[in-house]
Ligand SMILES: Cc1cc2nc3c(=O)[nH]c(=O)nc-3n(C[C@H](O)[C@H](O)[C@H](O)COP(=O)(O)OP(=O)(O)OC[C@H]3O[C@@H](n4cnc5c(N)ncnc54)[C@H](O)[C@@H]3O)c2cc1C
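There is one chain below, alone, in C-alpha cells, taken in the form predicted alone.
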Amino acid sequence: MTLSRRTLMQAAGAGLFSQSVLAQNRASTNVVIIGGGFAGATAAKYLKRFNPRLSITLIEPNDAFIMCPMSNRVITGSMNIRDITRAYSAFTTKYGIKWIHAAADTIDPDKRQVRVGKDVVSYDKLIVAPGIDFNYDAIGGMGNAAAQLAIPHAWKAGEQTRRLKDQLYAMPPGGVIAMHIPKVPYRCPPGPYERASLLANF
C-alpha cells in the first residue's frame, strides 16, 4: 500500500480507536502526561472526553500555560499577557484531570513509573511532551543569567515576553533593534518575520 498523508492519518485514527476500545474495558487505566503545553494539554483533554473512565495525571510545574503564538502582539502592545494565559487549575478542574504541580525527574519504563521529587507515579500509558528549552551555551556570552536577562529572546512566552516589551517601550526614538533568526529547523518558521514586522509597525 502506498503511504500517503491520508492513509497515515487513517492508520493513526484506527490505532487510537482500538486503544480507546481496549481502555474502555479497563476502568483502572492510568495515563500520565508529562508537560501541559499544546500537545500535553490537548492529549489530556481529548482522552478524557473520549473515555471519561480513564485516570489522567498531568505533571506540569508551571501555574499557567502562556501561549507563544500571539505573544508577539503582547510585545508590541496590541494584546495583554493575560489574553494568552490559561491557568492549569481551571483546566484540570474542568476536565477532571489530576494535576501534579511539579517537574518530572526520571522515567522508569521497565517499572512504568515516573519519579517526581520523592513521589512515584505509576502509569499504564505515558505521554512525554515537555516542550522546548534553550541551549544558551551555544552562543558565546549567553551562558550566564545576567546576559539572559539583558538580552531576552522571548521565544518562550512568559517573563521574557514582559521583559522584551519593557525594553521596547523604553527604547528612545531612533533606537536600534538587533534580531537573529535561529538556524532551521525551529518550531515556528514565521515567528521571527512576524516579530520583525510587528516591531517595525510599532
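Numbers follow the displayed sequence, beginning with 1. All of these numbers come straight from a predicted model, not from anything done at the bench.
The same protein has a further form, the form predicted together with the named molecule, not shown here; the description that follows concerns it.
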query	finding
Option from 36-44, 143-151, 49-57, 165-173 whose residues, in the predicted complex, bring a heavy atom within 4.5 Å of the named molecule	36-44
4.5 angstroms heavy atom contact with the named molecule in the predicted complex for residue 188	yes
The named molecule contact in the predicted complex: residue 84, any heavy atom under 4.5 Å	no
Residue 104, heavy atom within 4.5 angstroms of the named molecule in the predicted complex	yes
4.5 Å heavy atom contact, residue 31 and the named molecule in the predicted complex	no
Option touching the named molecule, based on a heavy atom within 4.5 Å in the predicted complex, out of 79, 129, 126, 121	129
Contacts with the named molecule in the predicted complex, stretch 48-82 (heavy atom within 4.5 Å)	59, 60, 61, 62, 65, 68, 69, 71, 72
